[in-house]
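Just one chain follows, in the form predicted on its own, and it is written as structure tokens.
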Amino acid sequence: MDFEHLKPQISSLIEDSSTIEATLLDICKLLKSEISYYDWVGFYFKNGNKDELKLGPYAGAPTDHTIIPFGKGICGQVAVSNQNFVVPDVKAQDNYIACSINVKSEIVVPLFVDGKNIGQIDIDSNTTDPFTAADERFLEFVCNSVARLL
């Protein structure tokens, strides 16, 4: 997948931002509609002073996982590790929180503001092992762009 054509669209959404929530939702919708194997796209953010994540804007099926404790699931692990986490096959993960029986793989990339992990972008795919290093670099670009808003 060539992500270069999406970068100007992401930048434009950031530059034309009316509200943070609306812009994040627009980014989620854009990624879900433009990348065939991005079946659920959402942002999670640190919930105040608590060691947990709170679901922000997302595009895809509704989820019960609106609060995720640090260390739990892929998102919770990224909140602690500060590292990208690519899961080619969720069935092979012991510490995976299932959002849907259709999800086969997941990628989570942390979002940093002033060097601090304040959230992340989370992508679920109904395809096994679709994510590449190009996805990681593109999602890092998305998170760096979003950081300028926050």
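Throughout, we count residues from 1 along the sequence that is shown. What you are looking at is a predicted structure, and each value in this text was computed from that prediction instead of being measured.
Same protein, other form: the form predicted in complex with a small molecule, not shown, and the subject of what follows.
Comment: the small molecule is not present in this chain, but in the predicted bound form one of 35, 59, 109, 68 has a heavy atom within 4.5 Å of it, namely 68.
Interface residue among 102, 81, 63, 47, judged by heavy atoms within 4.5 Å of the small molecule in the predicted bound form: 63.
Though the partner is left out of this view, residue 97 does reach within 4.5 Å of the small molecule in the predicted bound form, counting heavy atoms only.
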